[in-house]
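A single chain comes next, written as structure tokens; it is the form predicted alone.
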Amino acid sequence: MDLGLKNKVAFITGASSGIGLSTAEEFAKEGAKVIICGRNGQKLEEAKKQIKEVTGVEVDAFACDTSNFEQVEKTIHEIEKSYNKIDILVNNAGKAQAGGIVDARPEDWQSMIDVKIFSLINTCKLVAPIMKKNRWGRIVNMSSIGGIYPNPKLTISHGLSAAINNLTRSLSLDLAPFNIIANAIGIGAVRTKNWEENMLPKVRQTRKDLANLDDEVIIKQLGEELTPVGRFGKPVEIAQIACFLCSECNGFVTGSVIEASGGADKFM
């Protein structure tokens, strides 16, 4: 199937590792002109090198804190100046964050609101007018199945994922008359370095039966427990969904949260 992504200009945030990096690779394979961003310039350069090695494609990269409106504005201006358009926006900035209403610190909430919500607002606010001008656009916001099936131990992440789902639906209704499609992907247990660094320590705290086991054993057991398909997801499986949602093949799915969780209705 030809997705019609050749020469589409795709801007992907949080793309220096994990799902974002895998998404950039898949878009590059489809012939899109890919621009990646993240906060760490060194990691971005490493990501650029990996994408070239995997796909043979050179991508552009911008060090940018997407929670900072001025930085996003400058980045979008540079992209538009170079490419004259932005066809695709994938909002992937963010990380997993454990914590509930009672135990989470105010600074944990603020940090996550900045990176997950204001990043999305900033990029959409600045990219949508460019898409409207060209009367074509695709937006994918990476969310979590916790936005649909919340876990009180992960209220920070899951509460903000619910907000992302709602914002995506509102955005889709606002932009549909301009041939702009907006969807979210509700991600379940996908194995990334971010997940391992942020969630495995929490698993060891809350699951005493797993506390002393090796990482590989914990991940295998959790995959079997949490997902009907019996395993964690792979970043490329999320990336391929994003490619379809952002393609010429999708002109009718909008305002949706696509559950990519191996059939699971819980995150941890």
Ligand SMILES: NC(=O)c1ccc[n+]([C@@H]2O[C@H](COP(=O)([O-])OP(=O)(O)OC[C@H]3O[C@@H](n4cnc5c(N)ncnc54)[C@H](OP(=O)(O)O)[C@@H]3O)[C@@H](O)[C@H]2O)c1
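Residues carry their position along the shown sequence, with the first being 1. In this text, all values refer to a predicted model and were calculated from it rather than measured experimentally.
Beyond what is shown, the protein has a form predicted together with the named molecule; the following relates to that form.
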item: Of Lys133, Arg169, Lys85, Lys95, the one that lies within 4.5 Å of the named molecule in the predicted bound form (heavy atoms); value: Lys95
item: Which of 100-108, 113-121, 75-83, 172-180 sits within 4.5 Å of the named molecule in the predicted bound form, heavy atom basis; value: 113-121
item: Residue contact check: Leu126 to the named molecule in the predicted bound form, 4.5 Å heavy atom; value: no
item: Val190, heavy atom within 4.5 angstroms of the named molecule in the predicted bound form; value: yes
item: Distance check, Met142 to the named molecule in the predicted bound form, heavy atom within 4.5 Å; value: yes
item: Exercise: Cys64 in contact with the named molecule in the predicted bound form, heavy atom 4.5 Å; value: yes
item: Partner contacts for 195-218, taking the named molecule in the predicted bound form and a 4.5 Å heavy atom cut-off; value: Trp195
